[in-house]
Structures are given as structure tokens and as C-alpha cells.
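As C-alpha cells, one chain now follows by itself in the form predicted alone.
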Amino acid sequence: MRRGALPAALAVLALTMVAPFGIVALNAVKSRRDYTANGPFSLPDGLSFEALADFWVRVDYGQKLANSLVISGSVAVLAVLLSVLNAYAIGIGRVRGRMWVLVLFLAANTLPQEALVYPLYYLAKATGLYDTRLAVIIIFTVIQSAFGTYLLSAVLGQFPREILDAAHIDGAGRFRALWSVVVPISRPTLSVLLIFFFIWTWNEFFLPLIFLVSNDNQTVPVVLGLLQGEKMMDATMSSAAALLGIVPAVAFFLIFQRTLTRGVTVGAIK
């Protein structure tokens, strides 16, 4: 391969991936008259935030943003916590039937969400949690922690026994060894899980669509999906909706990019 061919190919690939977001951003800050006169691929005559403001007010975007932040943040923290406790028992505690327990968690990860809808729907109805954010938080905490438990069990299964033995000699019990030794050493891996759980939950659409029917409880992806086809929106407002839906997840990724890179790098070195 000629020198410079790889960077050129990567540049073309990056441009191909970024171009749709650029077009969405351009059309989100155009006025409706500018879009009608010049089309979707022209540069805006001037910055217009009319479509962004209209969309924000129409769907009460601030409330939807708060719902997504509460649900995604709660799921990320609770799922990591549950994964650590499960993996500590399975990976280090060596519970009986460890292999079968891991197979169970692996099988849980392969279940499609469509297969969970009916039992979860009737369970939520019976417990009075239907159409509440708590129901979605509980569901996705369990789903995400199934993957987290499977992954962390493999990591903690290789945890150096000498460190744990030294902690026990110093008088540390099981829980103190977990919080004072295992968690700090495993922090890079836990940080990666926390970030992925947040982004995965943020992008979830199917189950929140089923369980969050009230307008006040809906999340950002749900309200974006419901707007398509139910209400007439022009191209500039559609672009504004897409832009406002993308920006929070991108901002979260950029803020924690260094943490994510550090966690992946540490895992690769180990």
C-alpha cells in the first residue's frame, strides 16, 4: 500500500460518517424560508434558532432530557453496583455452580427485548409500576447488570489472590476487601462499564416506548420516534429534533472520552 493511502482512506471514512451530522446541523440552524429557497445542502444565509426553539417548546424537551438523564444515570450506577456484587461472589467467592450461573447470565444477554415485553408488562401492571420511570430503571438495571456480571466475573476471576490474602491478614473482611481493595484496583474497568451502560440506556427505544406512555415520563429517543408521522414537522424542525437528540450523548462521550480510553488501555495491558 502506498504511503499516505491509509490516512487518505481514513479521512474519507471519517468524512462519510461526519457528513450526515453536518447536514443535520446546517439545516437545524436555517430558517424555513432559507431551506425552501436553497435546499438542504446549501450553507445557511444566517443562523436561525427558530426551529430549535419551536421543537424545544413543542415537546417540552427539557422534561424529556431530565427523564433520560435520571433513567440513564440511575441505571448506569445501579447496574455497575449490582454487577460488582454479583461478580465478586462469582469470580472471587467461587460460589457453587459458578459455571452454570455464568451460562445463565450469558443466556440472559442473548434474550431479545421482544421476548421480555409481555411478562414485564403484566408484572409492572400488577405492581403498580407501569408508566413510571422506576419501572424502566429496574428493567434496564437488571438487563445491563447481566452483561456486567458476565464480564466482571471473568475479570475478577483473575484477580491476584496474594492481594486479597494480604488484606485478610490485615484484618479486612469480605466487604472491606471488596470496597477497599477490589473496587479501587478495578476502577478503570468499572468506569468503562459505567459509560457504556449510560449510553446504551440513553439510546434505548423499544422498552421505554412500551413502559412510558405518559408524556411527562417519556425519554428523548421515545419522543423523537413518536414525533415522526404523528405530527407534521418541516425539515428544519426535524433537523432540530435530530440535533437535540444527538448532542447530549455526544457531549457525554466527549466528556468521558479520556476515562474510556484509559479504561480500555488498562484492560488491554492487563
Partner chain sequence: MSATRAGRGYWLYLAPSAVLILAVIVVPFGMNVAASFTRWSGVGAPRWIGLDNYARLLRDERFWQSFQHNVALIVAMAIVPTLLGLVLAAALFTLRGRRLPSVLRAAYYLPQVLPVAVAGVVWGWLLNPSYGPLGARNWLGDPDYALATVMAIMVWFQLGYPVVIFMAGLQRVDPALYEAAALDGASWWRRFWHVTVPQIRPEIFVVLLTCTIAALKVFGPIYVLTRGGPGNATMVPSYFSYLNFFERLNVGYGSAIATVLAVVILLVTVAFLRVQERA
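Positions refer to the first chain, counted from 1. Just so you know, these numbers come straight off a predicted model, no measurement behind them.
The same protein also has a form predicted in complex with the partner chain, omitted here; what follows describes it.
Self-check item: Proximity of Phe206 to the partner chain in the model of the complex, heavy atoms at 4.5 Å
Solution: Yes, Phe206 lies within 4.5 Å of the partner chain in the model of the complex.
Quiz item: Could you tell me if Ala37 has a non-hydrogen atom within 4.5 Å of the partner chain in the model of the complex?
Solution: No, no contact at 4.5 Å.
Self-check item: 4.5 angstroms heavy atom contact with the partner chain in the model of the complex for Gln218
Solution: Contact check for Gln218: no, nothing within 4.5 Å of the partner chain in the model of the complex.
Quiz item: Would Phe198 count as touching the partner chain in the model of the complex under a 4.5 Å heavy atom rule?
Solution: Although the partner chain is absent here, Phe198 would stay clear of it in the model of the complex, with no heavy atoms inside 4.5 Å.
Quiz item: Which of Ile139, Val80, Leu152, Ile71 has a heavy atom within 4.5 Å of the partner chain in the model of the complex?
Solution: Flagged contact: Ile139.
Exercise. May I ask you to choose, among Pro160, Gly171, Pro184, Pro119, the residue with a heavy atom within 4.5 Å of the partner chain in the model of the complex?
Key: Flagged contact: Pro119.
Quiz item: Which of the residues spanning 103 to 135 lie within 4.5 Å of the partner chain in the model of the complex, based on heavy atoms?
Solution: The stretch touches the partner through Leu104, Phe105, Ala108, Asn109, Thr110, Leu111, Pro112, Glu114, Ala115, Leu116, Val117, Tyr118, Pro119, Leu120, Tyr121, Tyr122, Leu123.
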